[in-house]
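Before any questions on how it binds or moves, here is one chain, the form predicted on its own, in structure tokens.
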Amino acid sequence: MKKALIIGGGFSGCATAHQLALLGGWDVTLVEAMPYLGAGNKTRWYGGHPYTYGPRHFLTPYEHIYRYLNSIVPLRSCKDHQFLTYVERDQQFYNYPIHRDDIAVMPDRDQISAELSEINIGALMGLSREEIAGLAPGAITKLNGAAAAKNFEEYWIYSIGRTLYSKFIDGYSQKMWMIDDNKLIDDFTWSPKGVTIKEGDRACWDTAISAYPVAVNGYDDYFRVATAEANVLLGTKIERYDIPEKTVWLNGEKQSYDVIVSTISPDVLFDQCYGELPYIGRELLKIVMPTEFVLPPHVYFCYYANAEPFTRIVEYKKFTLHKAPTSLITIEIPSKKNKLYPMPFESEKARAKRYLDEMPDGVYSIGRAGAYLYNVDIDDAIDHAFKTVARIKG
């Protein structure tokens, strides 16, 4: 029987353990530094309310991933949920993604409409407003400046104009990533490049499956089922790595494996020999409110795009459907105290690639941290596991 080591017990690690169990012929050890499985997706409790570390609804365009997870932890739809953004300069909440119907009630709607009609091609091509007006009908929409954007700020200004960018995107993104200038962001893999201005339905995810577990303990049963045939070592840290030899030291003993699947940051596996990969984290402030609900119907969380230190608040009952006369909200504050989100810089992606290129045959680095990609959610983590085990199977 072949031996496999899985490092990390979040969705990527647990899904890999499950797929190897289904494949058969593998002796699997899963090592998790925390005393529980599930990472941020584990259900926690506060004030009698279940919650996860951040809103962890299941969102996917992949029917087969949905069917797989639903077969183990039944899911219910939360497709109707909406996001709001508070814009202090207008003293108003607006839909997010930015909704075209909201523009009509904004105090600077005329300026916004003018910018949208020009699509900021003037800024890109050096044309004056008069020169833009002289372009043939339809020419502006064909000259999509966003495609030529060199950084995050340019992408959004060329897509929605400077006014909407300053209202919704500029301050929020600087706060989210704890940076002073959005022009520093040159990796767009995390940004919503599909819909910049929404029309029609105000539900945020009307083109994808959006769901949440029916069970009060959320996804916890999945982690138990997925790892039932693995040797799970909780509260355990690997003391030393020799990745080229597929060898680690556990509890003072040398252990070698046929396959290693890591879901932790790849720099850790090589003692950060090319430098430490940077991340941004979150502090989560939990508050129980003395009302059954806090946010309006269908609104699950609110973004704050201004000078306040927090990025958003979440009302967990909207996801969990927990019954109580009180409601739990959390306030999310960007922090460097933990590592949750890879930084969206091409230079850091290049550094991560140097580590990933060092992985020998039989060693795989997957998941959000393992692949060093922000845009990896639950469905992607499971998909990474599926594809990795398919490669192992050959």
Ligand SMILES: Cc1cc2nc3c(=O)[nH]c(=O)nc-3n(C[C@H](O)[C@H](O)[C@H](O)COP(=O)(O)OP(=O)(O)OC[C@H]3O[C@@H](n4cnc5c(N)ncnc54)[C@H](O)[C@@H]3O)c2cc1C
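None of these values were measured; they are calculated from a predicted model. Numbering starts at 1 and runs along the sequence shown.
The same protein also has a form predicted in complex with the ligand, omitted here; what follows describes it.
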Report the residue, out of 237, 323, 150, 254, that has at least one non-hydrogen atom within 4.5 angstroms of the ligand in the model of the complex.
237
Candidate from 264, 98, 302, 160 lying within 4.5 Å of the ligand in the model of the complex - any heavy atom
264
For residue 54, is any heavy atom within 4.5 Å of the ligand in the model of the complex, or not?
yes
4.5 Å heavy atom contact, residue 329 to the ligand in the model of the complex
no
Would you classify residue 376 as touching the ligand in the model of the complex, given a 4.5 Å non-hydrogen atom cut-off?
yes
Find out whether any non-hydrogen atom of residue 28 is located within 4.5 angstroms of the ligand in the model of the complex, and reply yes or no.
no
Just one of 43-51, 351-359, 336-344, 61-69 has residues with a heavy atom within 4.5 Å of the ligand in the model of the complex, so point it out.
336-344
If you apply a 4.5 angstroms heavy atom cut-off, which residues in 1-15 are near the ligand in the model of the complex?
7, 8, 9, 10, 11, 12, 13
